[in-house]
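Read the single chain below, which is given as structure tokens and is the form predicted on its own.
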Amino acid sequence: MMRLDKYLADSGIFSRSEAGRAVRSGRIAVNGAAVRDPSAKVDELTAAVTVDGQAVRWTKYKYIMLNKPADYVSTTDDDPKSVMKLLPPEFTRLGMFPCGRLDIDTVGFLLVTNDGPTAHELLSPKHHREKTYGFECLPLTMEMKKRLESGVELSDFTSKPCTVQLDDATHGRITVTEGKYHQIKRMFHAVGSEITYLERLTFAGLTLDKKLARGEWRELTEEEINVLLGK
């Protein structure tokens, strides 16, 4: 059981103070009955809670698909260009954070969550969760492509084998299971090319929603969460 105002705040639609005001103003119903006491206890697992007649769903963890724009950094720091500034402030209060990092000029699918254990598993190299990126680059030959796919020796590690699909000499997609600092850019540089544009298209079995413009976000569907969690 938890307080009603905490239930609402944890659902991400209000801050705690906003939740209290919404309850006292009669906007909240629990199991069909209006409740005006913010401290009223509700069963977070079974209660049917509505705000202005619209259902509110409480979950322990939240999962957000964000279409990251360029010039934003994947951090929770109080930086005006933090990706968290693209989301409601309630999400920061819920302890949400970017799952992994995209370079400042890399765009596309960024998962934001407060599920620490799952984030750790998704980012762990031993679980080999695939990530696909669309790219533009300086001309890439078939020999360069083969070198990328077989693994590239860099100054601090050798990249694992990956898959590269070319549309032409300067456009394509690359699928990797790692996510080390500037890895794809470094791989292309090592074989004699350069990345000029990079967009993450998929992450851990999920595909970026084409309806999301840069900077827009949505919560994952239940089906997408099941894919993410391997259910």
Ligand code: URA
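Heads up: residue numbers just count along the shown sequence, starting at 1. Nothing here was measured: the structure is a model prediction, and the numbers come from that model.
The same protein also has a form predicted together with this ligand, omitted here; what follows describes it.
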Worksheet item: When this ligand is placed as it is in the predicted complex, which of 175 to 183, 34 to 42, 53 to 61, 160 to 168 ends up with heavy atoms within 4.5 Å of it?
Response: 175 to 183
Worksheet entry | Leu201, Val49, Ala204, Leu198 - the one with a heavy atom within 4.5 Å of this ligand in the predicted complex | Leu198
Worksheet item: Given that this ligand is left out here, which of Glu121, Glu130, Asp103, Glu136 has a heavy atom within 4.5 Å of it in the predicted complex?
Response: Asp103
